[in-house]
Structures are given as structure tokens and as C-alpha cells.
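Form predicted alone, single chain, as C-alpha cells, below.
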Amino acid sequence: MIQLFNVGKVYQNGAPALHDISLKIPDGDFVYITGSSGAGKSTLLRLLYCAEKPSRGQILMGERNTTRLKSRNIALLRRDIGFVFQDFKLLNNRSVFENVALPLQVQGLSKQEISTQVYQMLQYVGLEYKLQRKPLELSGGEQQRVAIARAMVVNPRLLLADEPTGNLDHELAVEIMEMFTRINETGTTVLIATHDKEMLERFPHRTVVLHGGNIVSDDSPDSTDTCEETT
């Protein structure tokens, strides 16, 4: 369970990004965070990943209050979190295999364990035959699949994705969304920040709408009622 209580974020330049966000996300849920550019979508994901700290409020991940964690404990928390970026953030001087292996190396796994898990994950995303290629030798859709494999290789309980279809054409976007759906079906909680209305309609899930740093609606596709509103 992820819980945010009256979370606000103001950057050092004084620009407010989020205002009094209160939100509960059960384990295994699939949630879209949507809204116009500058609404606070990316900031919310960065707070959940502990890349930023809130200016006020509390964030609970399970029983852990992330606002009070020290650096060492943040690193441990991130072992349960995968993050997929819009611009992939792959290391272009390393092979596909080496990019996906990196999180496992950080965790100190043996070479045999890393080799097995990386190959299995590359099979899962359909890229085992390109494991020695460099990222710039791949298409945009293939690079995104490598990024997903890197995020999922640690078997995270939570997967965060920031505009994962933003740089892809329609066909590839559908392919990536189908992959996120399969990942969620294995029990992983999935949060996707997106403004892709077509994908929201094609793959309906709970949708939290941000506007000006506030939650203006929180709706599930199986209910006509608003689950939660914050203004």
C-alpha cells in the first residue's frame, strides 16, 4: 500500500509543483497519473522513487515513511521499485545485456545469477537475440523494452513509468502498454504518468488527474463515482 498524506512540493526557486496531495494506492493496482504539462505528474513519481523529498506531508510505502529514510535505507527501498523513463536513460556505451544487468550488479548478485535473470527478462520483452547490441543500434520501441527489462529484472513490487509512450508511434505505444498490463497481472503495482488520451481510453484503469499540482479527480473505469477528490 502506498499512502500520501497532504504532500506538497515546492522547488528551491520557489515554484510550487504539488499541493496537499492525499492518495492511497493498494498493492497490485494499476494507476494512471495524468494532466497537462506542468501539472506535477513527474514530480509525483520522483517523490515516490525518493529522487525528491516533499516540502511537507508524509509518504508511506508499506510501513516505511520515506520522508524519514536515510540514504542507505532509500537504496534498499529502491530495490523494490522499477522506474521507466520517457527518454530511456540507457547507457549507450554498454550492451543491452550490460544495461539490464546493472541493477543486479548493484545488488551484488553472482555472475551466474545475473546472467540467468537478465536472459530471462530479455526473453520476456522479446529481445534476447539482441543482447549484445548497443542501445543506439535499436529502434525506439526496442530501447523502451530494454528500459522496461532493466526496471523489471529486480522483480520490483512497484513499477513507475514517466511518459513511457511519449516518444513512440501508435503501434509501438500499444505494444508497450500491453507489456505494462502483463506486468501488472503478475501482481506488480504499476503507476504511469501520461497525457496520452488514446492509451487511457484503450487500456482503461484507475486515473488520477492533476491540474496545477492538485488532484482534481480520481476515477476507476468500473465505477461512475469519483473515488477521491482533492482541490
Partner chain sequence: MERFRYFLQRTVFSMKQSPLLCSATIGTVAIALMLLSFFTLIVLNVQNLTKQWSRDIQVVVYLDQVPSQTVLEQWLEEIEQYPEVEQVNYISQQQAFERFSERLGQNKDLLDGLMPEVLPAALEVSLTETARSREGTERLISLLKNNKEFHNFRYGQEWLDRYDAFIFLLQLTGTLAGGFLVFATLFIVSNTIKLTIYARRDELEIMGLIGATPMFIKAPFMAEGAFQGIIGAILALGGCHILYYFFLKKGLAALLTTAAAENIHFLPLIVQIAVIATGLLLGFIGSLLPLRKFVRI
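In this text the structure is predicted, and so the values were computed from the model without any measurement. Residue numbers count along the first chain shown, from 1.
A second form of this protein, the form predicted in complex with the partner chain, is not displayed here; the remarks below concern that form.
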- If you check in the predicted bound form, is residue 74 within 4.5 Å of the partner chain, heavy atoms only? yes
- Within a 4.5 Å heavy atom cut-off, is residue 97 in contact with the partner chain in the predicted bound form? no
- Message: Contact with the partner chain in the predicted bound form for residue 124, defined as at least one heavy atom pair within 4.5 Å: yes or no?
- Response: no
- Message: in the predicted bound form, is there a heavy atom of the partner chain that lies within 4.5 Å of any heavy atom of residue 90, even though the partner is absent here?
- Response: yes
- Task: Assess the spot marked by 6, 64 and 67: is the partner chain within 4.5 Å of a heavy atom from every one of these residues in the predicted bound form?
- Result: no
- Picking from 139, 110, 120, 155, the single residue whose non-hydrogen atoms come within 4.5 angstroms of the partner chain in the predicted bound form is 110
- Message: Where, within 72-87, is there a heavy atom within 4.5 Å of the partner chain in the predicted bound form? Residue list please.
- Response: 72, 74, 75, 78, 79, 83, 85
